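First, one chain by itself in structure tokens, the form predicted alone.
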Amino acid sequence: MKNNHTRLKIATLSLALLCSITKAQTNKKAEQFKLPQGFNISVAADDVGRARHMAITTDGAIYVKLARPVDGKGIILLEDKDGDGKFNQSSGFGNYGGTGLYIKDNYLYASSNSEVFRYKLDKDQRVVDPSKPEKIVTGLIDRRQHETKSITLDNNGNLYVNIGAYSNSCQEADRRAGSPGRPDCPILDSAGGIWRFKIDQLNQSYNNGSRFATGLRNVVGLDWNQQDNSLYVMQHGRDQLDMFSQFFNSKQSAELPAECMYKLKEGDNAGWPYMYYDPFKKKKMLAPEYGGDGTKEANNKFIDPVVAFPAHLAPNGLLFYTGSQFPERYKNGAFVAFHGSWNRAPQPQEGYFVAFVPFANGKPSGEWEIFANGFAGVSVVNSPREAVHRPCGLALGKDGSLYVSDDTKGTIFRITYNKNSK
């Protein structure tokens, strides 16, 4: 009897210790994130694969595009059937990886790294026949560098597709110290910009679409601003200015150029590879591959950014907030998901957060700010492999909450606001 009592006491203590450890781990995870007062973050789904962009249905289910298919499925549908705020995979389809995903009217649009498809939706915005998508665009360049094809749609039947440049700075020898830029960069004929296609025409290619804007090295985050009816994009700035060490040291290379948000209209040229934007000088500078030395300014024919962020943060998601859950100052403002840098050595890597830019009347109305931080899980990131989570996509929940995807652990985060908080 005494032995039984001892075993029972040990078991009780072990259970209490386990509960204590679990509670401490949960608190630690919650404490790792920093958000403005009144906001909370929770895990809505985990281990879904390399989650890129998302699309939310009218009843709150989530489609997630995976960079690589899992068990032959590159798009998964997450549903919260019991209303507890946790999502489970209910189905999957699409045997291709990629990034782009968008719901518009009665279709789900999804991209691989060379094509764009659309799936007919039923009244509940569930895909009618997952095995038979319509191919909208085909034959886009995929050179395994900046190959992702992010997408968005306007309100006039147009599809916008990023086609990233398969180069750092259009050098004769890519990423080689001192190599000059190629004259009249030929990459821009089929990449390094945003192309526009019709949403109701099948099997379009470069011959059917049009180059909407050029001079954009790579755009992963883009969104259509409903307030001023315009396309906004986040460009990944160029790397390795210190390949021209006679003009740039390693510190300058880590801090230049800016990651830029652009408002685009048809025919715009953002200047890649001929220039970069210096956030300290607030000027467009001539790239060293094309005769720049860190002091020469670029031609004024190139457009200015509407917001300039620090260098090498890798903006992968852009969303204009049109929900009603968050405080009024967030209405119509822009959230940006930064995937995090890999090339700021010898300085620590930066990013791994969600930023916010206030907007009013279709224009930025204040300085950008870090909105949600702590995804990296460590205070200092020396290598991106040390980051626990890397934000990628953003989506607006039907209740006005904000979803953030992570393509490292496959986590979907949900950010909510408590209106009763003080």
Partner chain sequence: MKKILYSGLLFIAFFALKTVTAQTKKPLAKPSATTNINASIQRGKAVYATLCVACHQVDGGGVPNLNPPLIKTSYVLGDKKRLINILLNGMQGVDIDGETYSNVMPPVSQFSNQQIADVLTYVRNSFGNKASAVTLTEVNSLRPKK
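Numbering follows the first chain given and starts at 1. Keep in mind that this is a model prediction, so the values were computed, not measured.
As for the form predicted together with the partner chain, it is not shown, yet the points below apply to it.
K.L.:
Identify which of R126, K86, R143, K198 has a heavy atom within 4.5 Å of the partner chain in the predicted complex; exactly one of them does.
P.N.:
Of the listed residues, the single hit is R143.
K.L.:
Only one of D189, D174, D122, D105 gets a heavy atom within 4.5 Å of the partner chain in the predicted complex. Which one?
P.N.:
Spelling it out, the residue with a heavy atom inside the cut-off is D174.
K.L.:
Candidate spot S42, H389 and K398, all three in 4.5 Å heavy atom range of the partner chain in the predicted complex?
P.N.:
Per the other structure, none of S42, H389 and K398 touch the partner chain.
K.L.:
E134: heavy atom within 4.5 Å of the partner chain in the predicted complex?
P.N.:
Answer no; every heavy atom of E134 is more than 4.5 Å from the partner chain in the predicted complex.
K.L.:
Does the 4.5 Å heavy atom contact test between G377 and the partner chain in the predicted complex come out positive?
P.N.:
Contact check for G377: no, nothing within 4.5 Å of the partner chain in the predicted complex.
K.L.:
Looking at the partner-bound form in the predicted complex, is P346 within 4.5 Å of the partner chain by any heavy atom?
P.N.:
Yes, P346 lies within 4.5 Å of the partner chain in the predicted complex.
K.L.:
Contact with the partner chain in the predicted complex for R68, defined as at least one heavy atom pair within 4.5 Å: yes or no?
P.N.:
Within the cut-off, so yes.
K.L.:
So if I measure heavy atom distances to the partner chain in the predicted complex, which of the stretches 221-229, 145-153, 275-283, 301-309 falls within 4.5 Å?
P.N.:
Heavy-atom contact with the partner occurs in 145-153.
K.L.:
Taking only heavy atoms into account, state which residues of 360-383 are within 4.5 Å of the partner chain in the predicted complex, ordered by sequence.
P.N.:
Those in contact are N382, S383.
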